[in-house]
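Below you will find one chain, with nothing else, as structure tokens; this is the form predicted alone, and questions on how it binds or moves follow later.
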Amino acid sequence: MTAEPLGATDRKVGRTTGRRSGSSKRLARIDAAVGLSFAAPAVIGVLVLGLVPFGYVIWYSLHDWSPLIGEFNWIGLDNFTRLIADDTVWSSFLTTFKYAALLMVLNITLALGLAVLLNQKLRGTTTFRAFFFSPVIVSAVAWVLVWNYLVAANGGINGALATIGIQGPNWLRDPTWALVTVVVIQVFKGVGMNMILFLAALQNVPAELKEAARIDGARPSRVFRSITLPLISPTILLVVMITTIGAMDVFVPIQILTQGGPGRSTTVISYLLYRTAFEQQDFGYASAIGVVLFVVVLVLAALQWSSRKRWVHDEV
């Protein structure tokens, strides 16, 4: 056989490498196009249903807009100046913060406790998981309507208390109990989702770490505090953020159960925004309230996210 010249072999190798490189680039472009096609619906949805409407809200907040009388006049920052001097707005923000703080403490504590309990190898845990998660998939309106009957002055809860000689309060018409009642109703509605998140995190904690700590003489409480909690801290951060954002935007239970009363004891900022827009027909001012609410939620989320380096495991 005659040996092929070295130069010819190099040229063949170069052509082969070039074809492979061109093929790889084409595949990369195809993969990128497929990825973009999958992401496009979500991106378009965010733009059409999120960013564009929010842009309109900002624009409306700079106007005096009352559809009933046909007014739409540019007033610049006057709505925001009015908002700063409006005690009702700040009172509503304070009520919202109270609601969010109470909801977050009760929801996260209960969800984590249930997750720890259901993470044990006990009989019936699957049934209990379904029981606590089922309210999550129930319509918010249906859930609140059922509870509206239960917590009425002559409803199911006070009827049960009466059988053991206890006179229950008017849960939704007593300023002392109204906000707490709404919080408890919403805790039972959303605790199942957070419970599932915590349960998934607990099941990912390496068993050998906990076993090593027990061998070293650590008590269960110390194991939970020093090993389990740090390892599930990323999930705790997630739950805190989504619970806070949801609490700052509460509307349905307030609208159905209390309509902001008694007095203004349950008038949260989202309900005040609704009344300003659809009852008072002051859409420009309502838009300004919405913009401020968005900024407040954004700041809270940013503060929670920036604090992660101090207490979330593996964050530097």
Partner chain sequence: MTGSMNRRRFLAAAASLSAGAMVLAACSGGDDAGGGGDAPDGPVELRMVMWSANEGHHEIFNQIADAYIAENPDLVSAVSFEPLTGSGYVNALTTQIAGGDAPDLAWVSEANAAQFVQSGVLYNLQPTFSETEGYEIDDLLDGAIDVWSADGEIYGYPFSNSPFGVYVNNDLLAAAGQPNPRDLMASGEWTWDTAMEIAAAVADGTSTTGFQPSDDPFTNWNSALGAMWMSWGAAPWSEDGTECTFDSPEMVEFFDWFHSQIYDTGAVAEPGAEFDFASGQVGLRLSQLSSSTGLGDDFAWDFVPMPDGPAGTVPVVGQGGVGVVARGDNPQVAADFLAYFTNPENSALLAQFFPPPRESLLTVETLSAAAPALTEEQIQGTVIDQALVGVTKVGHVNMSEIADPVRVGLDALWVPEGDAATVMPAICEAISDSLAG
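Residue numbers count along the first chain shown, from 1. What you are looking at is a predicted structure, and each value in this text was computed from that prediction instead of being measured. For clarity, a rigid core is taken as the largest C-alpha set superposing within 1.5 Å between two forms.
Keep in mind that the form predicted in complex with the partner chain is not shown, yet the notes after this line are about it.
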Work out which of L179, V223, L106, A152 lies within 4.5 Å of the partner chain in the predicted complex, going by heavy atoms. A152
With the cut-off set at 4.5 Å between non-hydrogen atoms, does T228 touch the partner chain in the predicted complex? no
I'd like to know if R219 sits close to the partner chain in the predicted complex, meaning any non-hydrogen atom pair within 4.5 angstroms. no
In the predicted complex, does T95 come within 4.5 Å of the partner chain, counting heavy atoms only? no
In the predicted complex, does F72 come within 4.5 Å of the partner chain, counting heavy atoms only? yes
Enumerate the residues of 278-299 that have a non-hydrogen atom within 4.5 Å of the partner chain in the predicted complex, in sequence order, or give none. F278, E279, Q280, Q281, F294, L298
Just checking, between the shown form and the other one and with the core aligned, does S61 shift 2 Å or more at the CA? yes
On a rigid core superposition, would F72 pass a 2 Å threshold for CA movement between the shown form and the other one? yes
Examine A85 after superposing the rigid core and state whether its CA is displaced by 2 Å or more between the shown form and the other one. yes
